[in-house]
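Before any questions on binding or motion, here is one chain by itself as structure tokens, the form predicted on its own.
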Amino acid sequence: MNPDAIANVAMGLALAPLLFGVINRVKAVFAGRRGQPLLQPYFDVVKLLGKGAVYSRTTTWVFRAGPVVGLASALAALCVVPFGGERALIGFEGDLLLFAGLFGLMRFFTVCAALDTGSAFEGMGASREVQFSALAEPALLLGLAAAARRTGCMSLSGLFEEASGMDPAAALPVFSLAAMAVFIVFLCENARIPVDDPNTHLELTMIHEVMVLDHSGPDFAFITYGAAVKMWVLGALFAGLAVPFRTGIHWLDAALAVAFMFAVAAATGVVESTMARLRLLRVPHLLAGACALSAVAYVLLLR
């Protein structure tokens, strides 16, 4: 195995929760507050791991499997996505389809776990999650398809490796449009404003948070850490599409990639501090716009 790829996976495992800390601190600065410590997400996960889990008598094994499968899917996606100019730990022709499928698997079990509680409230959140994913997934797949067609590679590692050696004038139009679409998917998949508000307590507007209300203790720790890894993975994909060019120096590429990841987290905090959440009826319009951006990127290659 490539030791640099192993180091990149370890870096993602260690730094993923810090993205939440950066977002919270940026939001605190905009609100004129001191805010919580940067390492607070780590403290929260450790505290949850030390607590006991409570299960309703109406739930089955599906409820307990949701957090475990969700975390396992996020970790598998972390091993598939390349980072810092290095190839991914696991790479093969067509792995970009596996990459997208892992998020679908993660969502499927999260939704099933929510429905397994028998709560109409969680069912409402699950319905909204599935509705929005029906538009987010095509935007992601079509954006990856456009990048794959431009480079001629069906592997994420090969795709980014080929893009780094291409003429910028030839690569930037397609990759820029795909990157914009993926950033919208990034906000949607991570339940961030303007799609969802992770800090909301309004029952009629909750989406992702309502699906995990009944989870507690280690199960909720798995969900929280899995969400952090998911944000890191999608951020790494966005970084690869937005800045596909590399210096060729491993430590410099890795440092620039990490800096870009925290810049994306800071930008997410700025977005959440400067705009309101969209009405639920407007969210599909935003995701349809992401699909359109990916479609235009693909159409550019058909000229």
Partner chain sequence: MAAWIEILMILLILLDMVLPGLSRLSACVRAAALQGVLLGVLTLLANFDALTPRVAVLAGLSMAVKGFLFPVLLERAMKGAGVRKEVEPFVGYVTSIAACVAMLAVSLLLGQRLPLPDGGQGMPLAVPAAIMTMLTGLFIVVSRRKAVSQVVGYLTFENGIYAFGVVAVGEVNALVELGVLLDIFVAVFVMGIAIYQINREFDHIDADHLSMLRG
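Residue numbers count along the first chain shown, from 1. Since we're looking at a predicted model, the values are computed, not measured.
Not on display, but discussed next: the form predicted in complex with the partner chain.
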Legend entry - Among 177 to 185, 221 to 229, 95 to 103, 126 to 134, the region lying within 4.5 Å of the partner chain in the predicted bound form by heavy atom distance: 177 to 185
Legend entry - L280 within 4.5 Å of the partner chain in the predicted bound form, heavy atoms: no
Inset, instruction - Please run the contact check for A16 against the partner chain in the predicted bound form: heavy atoms, 4.5 angstroms, yes or no? - result: no
Inset, instruction - Report yes if any heavy atom of A292 sits within 4.5 Å of a heavy atom of the partner chain in the predicted bound form; otherwise report no. - result: yes
Legend entry - the partner chain contact in the predicted bound form: A10, any heavy atom under 4.5 Å: no
Legend entry - L89, L75, L141, L172 - the one with a heavy atom within 4.5 Å of the partner chain in the predicted bound form: L172
Inset, instruction - Answer yes or no: in the predicted bound form, does the partner chain come within 4.5 Å of a heavy atom in every one of A259, A267 and V271? - result: no
Legend entry - Contact set, 119 to 139 vs the partner chain in the predicted bound form - heavy atom within 4.5 angstroms: none
